[in-house]
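Only one chain is included here, represented as structure tokens and corresponding to the form predicted on its own.
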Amino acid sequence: MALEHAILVSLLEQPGSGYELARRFERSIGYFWTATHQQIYRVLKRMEGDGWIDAREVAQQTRPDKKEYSVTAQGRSVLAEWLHEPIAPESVRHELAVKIRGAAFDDPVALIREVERHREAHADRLARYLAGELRDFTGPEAPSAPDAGQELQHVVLRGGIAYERMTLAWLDDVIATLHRLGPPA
């Protein structure tokens, strides 16, 4: 997937400025596809030049004017074409897993702090996902009859929740195993 596709999806959900897109990436899409503010602005400029998006100036009272981007018919066509292309199943590149295997040749206990740090990061991410799910999909403010876009956002979020829960269970297993192995003889 290219960043362009993630931006097209986000802009189809709601037009916005580069700043607003960057915030959305930090809050939702970024959990599955990351991009820096600079990357987003660079790609927006290219997409506008390619005719995939339009920009309009929006006057603001207390801040400088901003550009608000929206998807053109050509951009929708590009996204539709990409949606219909098959993609290869993802291969996992997991540096921590390689370190865990390598601990057999050193002191396994020395890796516990690193695994605990990863566990904390995944627990924090799970907490953010669950808070977002409550806020947007299951809590009292959630729509009673979600549209297709909301349903698909929720199913992606549920996948993220399941992944984080699985990762936490695995990291707990790793930590218990490292403790059990203790230092090498």
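Quick note: we count residues from 1 along the sequence shown, nothing fancier. Since the model is a prediction, treat every value here as computed from it, not as a measurement.
FYI, the form predicted together with another copy of the chain isn't displayed, but the following is about it.
Interface membership of Glu141, defined by any non-hydrogen atom within 4.5 Å of another copy of the chain in the predicted complex, is ruled out.
Proximity of Glu151 to another copy of the chain in the predicted complex falls within the 4.5 Å heavy atom cutoff. In the predicted complex, at least one heavy atom of Tyr163 sits within 4.5 Å of a heavy atom of another copy of the chain.
Contact annotation for Ala73: none of its heavy atoms lies within 4.5 Å of another copy of the chain in the predicted complex. The three residues Tyr41, Ala55 and Glu116 each lack any heavy atom within 4.5 Å of another copy of the chain in the predicted complex.
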